[in-house]
Structure formats: C-alpha cells, structure tokens
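Here you'll find one protein chain in two forms, each presented separately as structure tokens under the names structure 1 and structure 2.
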Structure 1
Amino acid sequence: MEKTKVAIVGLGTVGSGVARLLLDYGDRTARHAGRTLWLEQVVVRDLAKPRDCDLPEGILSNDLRKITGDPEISAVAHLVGGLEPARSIMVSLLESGKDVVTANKALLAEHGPELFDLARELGRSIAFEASVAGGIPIIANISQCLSANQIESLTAILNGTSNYILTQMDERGADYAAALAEAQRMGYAEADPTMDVDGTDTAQKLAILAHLAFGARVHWRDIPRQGIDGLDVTDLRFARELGYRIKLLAVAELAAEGLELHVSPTLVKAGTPLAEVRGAYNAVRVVGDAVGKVFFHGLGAGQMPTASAVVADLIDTVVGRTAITFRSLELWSQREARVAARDPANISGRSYLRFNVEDRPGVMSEITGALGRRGISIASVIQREPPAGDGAVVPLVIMTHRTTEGALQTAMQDIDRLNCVRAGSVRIRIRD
C-alpha cells in the first residue's frame, strides 16, 4: 500500500493520543485514507520527559529541522499550545512546504489572519477541527454540511474544563479548586487554566465559529465575556431551586441589527439538552434557516476525543480534501465581513439577579422601584427568612422578564447605590 509520511510536533495530552491512533490503529487510518499514514518523526521540547505512548526507536527528537528538512513528510500535526513558539513552529512548517493540522485555537484566534494568508500564499492548508469542541466535528459541519443554510444562531458549551467544574460543584458539591485540579489531572485544561475558567478559551472558539458561520470578522478580545471563576456556589443552588442549571454559554445570534455575541455563565432550563451536558462534554446547538435546529454533543476535551479530530484532519489532508475546503473557506480571508457585531446595550434577554440586602421594611419596594423605573418587569422573587438577630443581610433573588442590556446595567447601578444594598450584586443571563 502507498505510504504518506506524516509527523507530530508536541507529544503531550493530544499528541500522545494522535501517535497512539496512528501507530496502534494504522489499518483503520489506511482504510479511510487509501494509504498508510506513516509516522516518520515526532518533535518535542524535552527529550527526558516520560511519554504516554510507545514510539518506534529513533523517531523522537527535539529538533524541528528533522521535520522541516525532510521533503517526504507532507503533513504535520501541530500540537503545541499557547502563542510562542507555537506561531513560529507553524510558520516554519508552512514555509517548508508542509500542510498543517492544529488543535491550537488560541493561536488561530490571535494569529489566524497572518497564518491563513501565509498558507494561502504558499499553496498549503491548515486544518483545525480539533480546535473547537474537541471530538465534535463542528467545523466540518458548519463549513460543509450546513453550507446551504443561513445560520441563524449558535448556542454552545465550548469549554470542557469549565463544564466539568460546574458539574462537579452543582451535582457533587465539590469545591471549585478541587474540581479544577481534577480537570487538570484528566488533561482537559490548558497549560494555563486561567484561560479555561475566565471565558477566554470559549471566546476564542466562538470567534472561530462566528467567522465560519456568519462571515463575522471579530477578534475574540472584542467578544463580551465572563467566565466561571467569579461564580458563587450560592447561585448554582438558587438556580437549581428555580428549575435551572448554570452553564458557561457561548452565544452568536443573528438579528437585523447585527450579530449578538457573548460568553457568560447562563441559566438554562433543567431538562433541556444544553442543561444536561455534563462533565467534559461540549454541545453546540445550531439553528439554520433550511435545516432547523441541530444539536451536536460530545467530549470537548481530553486525549482521545481530540486525537480523533486531529487524525481525521490528517486523513483529509493527505487525500487532498482539506486543500479543496481550505481554498473555499472564508476564514480570515480578505473578503469583507458579512455581518457586524451588535451593540451589546441593545441586546435583550431575561436575567437572574441576586442582591445582598438589609432585612428591613421598604427594601423590596426600593429595589423593585429601581427596576420599574427602567421599565424592567419582575417574573419571580425569592427572599429567605433572615437568621436570628438584628441587622441581618439576606439574599434577594429576582428573575426578570425580557429587557435590554443597557436598561439592566443602569438599573443595577441604581440599585448598587441604595443604602439597603451591600456589595456583591450578581447578574446572570437566562437563556430560555
């Protein structure tokens, strides 16, 4: 059988999974590719590190030139995280004539225009299925299978680490730090897990999906975002009592005024598919004008689910499919944006609010009055009996009807200035 030489840069969580699939299941990849994908070379940073896979003798090195200098290696899995040296490695690979497959969404979200332009100039391709939602084939679905549609909205859980932590806290009463440490141990988290929990990783993935689905030219830094790192377990409990779960949601929704885009912890109704996404699973709910609603669900982080997407991209690359789709992809092209982001102040929705208030007469009317003055209608209220003793501060939870971001922000500022309100007011979006 014909043999095509491939290589891997980075043999951490994902790289080891890719090596295992290529080495242990070569017959499977050969059946789909019509040729053997021969793992010729693996490059890492530290040769002394123990590895999670057995490599044939002599193929591991710490010298990238072993790949860039070998004209017979045609495709390379680039599985190094972060921005540098990941960017320089990608540039060297493209300049030495390699087609590249990557899982690095941070790199694409930051340097996508430069890297895609370079690949186009050099007649090379970059495949990136594993960069968004791990094992879920969402890039192929949006860019190919759903291409007859005008995508109307994407509502997604895109960070496995955050969803794992939320599930552990909500269902098992786990402590935040312990749940994060477990996510790191399982190989879900980034080398710097801050990006997982502060919404950055999700915003980077949403920026990629918004480029593909809507032709939006949005930088991830311009997407309003909030992570789970500031979430209080009290709100997980109130949400549950109200019949909701809290998920870190990425939303992109098309309206006449432009594209609504944000990443935030959000209350989703218990029992709905998004609320049932647990652990390191991700999900993407797509609404298209022809297809209607489509729901994708699968492991969004972890070794083998991510390796599954990388190896499928390698197969597509060596058989020539990626070259065809890469040329027609609008991602980071010079083409004008088809849609602009909406002014966040005009976006409307429902919200969950929690205030720490003094337990004394008139407090409720002061708060409801402040909301009413901004035209915000209340759907439900919870106030607990205070603990014994004077001067108690109690949580007051309010679910609003639909209102605009702008009105809500002004009302929250008004309320935070009231004497009866203590620090720590909380606002969480609701997605019905």
Structure 2
Amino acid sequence: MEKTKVAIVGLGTVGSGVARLLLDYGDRTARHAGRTLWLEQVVVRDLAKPRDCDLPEGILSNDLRKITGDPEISAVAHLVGGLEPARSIMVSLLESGKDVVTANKALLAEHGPELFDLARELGRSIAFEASVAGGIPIIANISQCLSANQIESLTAILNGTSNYILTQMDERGADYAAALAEAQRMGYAEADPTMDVDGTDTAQKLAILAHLAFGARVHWRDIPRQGIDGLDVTDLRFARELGYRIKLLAVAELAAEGLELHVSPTLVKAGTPLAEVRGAYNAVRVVGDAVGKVFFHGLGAGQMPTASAVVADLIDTVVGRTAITFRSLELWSQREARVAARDPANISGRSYLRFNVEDRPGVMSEITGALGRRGISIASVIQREPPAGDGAVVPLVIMTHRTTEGALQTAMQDIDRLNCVRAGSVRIRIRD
C-alpha cells in the first residue's frame, strides 16, 4: 500500500494520543486514507520528559529541521499550545511546504488571518477540527455537512472544565472553590484555570465558529463574556427551584440587525438537551434554515477524543479533501465580513436577577419601580422570609420578561444605588 509520511510537533497529552493512533491502529487509518500514514518524525522541546507512548527508535528529536528539511513529510500535526513559539513553528512548517493540522484554538483566534493568508499564498492548507469541542466534529459539520443551510443560531457548551464545575455545584451543592478543587484533582482543570473559568477559552472557540457559520470577523476579545468564577451556589439552587440549570453558554444568533454574540452563565430550561449536559462534556446546538435543529454532544477535551479529531484531519489532508475545502472556504480571507456583530446594548432577552435587600415595607415597590422606569416587566418573584428579627437582609429573586441589555444594565445600576439594597446583586441571562 502507498505510504505517506507525516510528523508530529509536540508530544504532550494530545500528541501522545495521536502517536498511539497512528502507530497502533495504522490499519484503521490506512483503510480510510487508502494509504499508510507513516509517522516519520516527532519533534519535542524536552527530550528527557517522560512520554505517554512508545515510539520507534530514532524518530524523536528536538530539532524542527528534521521535519522542515524533509521534503517527503507532507503533513504535520501541530500540537503546541499557546501563541509563541506555536505561531513561529506553524510559519516554519508552512514555509517548508507542509500542510498543517492543529488543535490550537488560541493561536487561530489570535493569528488566524495571518496564518491562513500565508497558507493560501504558499498553496498549503490548515485543518483545525480539534481546536473546538475536542472529539465533536463540529468544524466539518458546519463548514461541509450543513453548507446548504443558512445557519440561524448556534448555542454551545464549549468548555468542559466549566461544565464539570457547574455540574458539581448543581448536583452536590458544592461551592465554587470546592468544585474547582475537585475538577483539579480529577484532572479536568489546570493548576491555573483562569482561561477556562473566566470565559476566555469559550470566547476564542466562539470566534472560530462564528467565522465558519456566519462569515463574521470578530476578535474574541470583542465578544462580551462573563465566566463562572463569580457564581454563587445560591443561584444554582434558585435556578433549580425555578426549573432551570445554569450553563456557561456561547451564543451566536443571526438577526436582521446583525449577529448576537456573547459568552455567559445562562439559565437553561431543565430537561432540554443543553441543560442535561453533565461533567466534562461539550455540546453544540445548531439551527439551520433547511435542516432545522441539530444537536452534537461528546467529550470536548481529553487525550483520545482530541487525538481522534487530529488524526481525522490528517487523513483528510493526505487524501486531498482538506485542500479542496480550504481553498473554497477562504477562511479568514480579506473578503469583507458577511455579517457584523450587533451592539450588545440592543440585544433582547430575559434575565434572572437576585438582590440582597432589607426586609421592610416598600422595598418591593422601590425595586419594581426602578425596573418599570426602564420599561422592564416582571415574570415572577421569589422572596424568602428573614432568618430572624427586623432589619434582616433577604434574597429577592426576579425573573424578567424580554428587555434589552442596555435597559437592564441601567436598571441594575439604579437598583444598586437604592438604600434598601446591599452589595452582591446578580444578573444571569435566560435562554428559553
């Protein structure tokens, strides 16, 4: 059978998984590729570091020139995290005539236009299925399988760390700190989990999906985002009482005024598919004008799910499918964006509000009055009896009808200035 030489740069968790699939299941990949994907070279930074796979003797090196200088290596799995030296390595690979498969969503979100322009100029391709949602084939489905559709909306859970933490808070009643510690103990959260829990990771992935689905050219930093690191377990309890779960959602929805984009904790109706996504799983709900609602669910990270996506991209690349798709999609090209992001202040929706208020007469009218002056109507209210005595502070939970973000932000500022309201007001979106 014909043999095509491939290589790997970076042999961490995902890289080791890719090497195992290529080495241990070569017959499987050969069946799909019509040729053997021969692992010719693996380049790492530290040769002394323990590896989670057994490599054939002589293929491990710390010299990138072992790949860039070998004209017989046609495709490379680029499995280096961060921005640098990841960017420089990808540039070197492209300039040496290699097609690239990457799992680095931060690199694409930050330097996508530059790297894709370079690949086009050099007649090379970049495949990136593993950069979003791990083993879920969402890139291929949006860019190829659903290409007959105008995508109308995309609602997704894209960070397994955050979803695991929220599951622990919801099901065990753990506070945020305890749930985070458990996620770290289980290996679902890094020692520094900031990019996962503050919404950055999800916003980077949403920027990629929004570009694919809608032709939007928005930098991930310009997507309004709020993470889960400020969530109180109290709000998950109230959400459950109201018939909801709280999930960190990435939302992209097309309207006549433009594209709604945001990342935020959101109340999702219990019993719906997104609400029931547990643990470290990811999910993406896509609505197309022809296909209707489509739901994708699976592990969004981890060694083998992500390695599965990388190897699938390697197969498509050596067969030639990636090159055709890459040329036709013109991703991150100089073409004008097909759709612009909407002004966040004009986006409408429902919200969950929780205030810490004095338990005395007139408080409810002050708060409802502040909402009413901004044209915000109330759908439901929960108010608890005080624990003891006069002057106690109690939680007041309000579910609003639809209103704009701008009106709600102004109303929240008005309410927080009231003498009857204590610090710690909470606002969470509702996605019905």
Ligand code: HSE
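Just so it is clear, the model here is predicted, and its values are computed rather than measured. Superpose the two forms; the largest set of C-alphas matching within 1.5 Å is the rigid core. Residue indices: 1-based, along structure 1.
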Open item on the list: Just verifying the output here: the form predicted alone should be either structure 1 or structure 2. Which one is it?
Closed with: 2
TODO: Using a superposition on the rigid core, decide whether the Cα position of residue 192 changes by 2 angstroms or more between the two structures.
DONE: yes
- [ ] Once the core is aligned, please say if the CA of residue 183 is shifted by at least 2 angstroms between the two structures.
- [x] yes
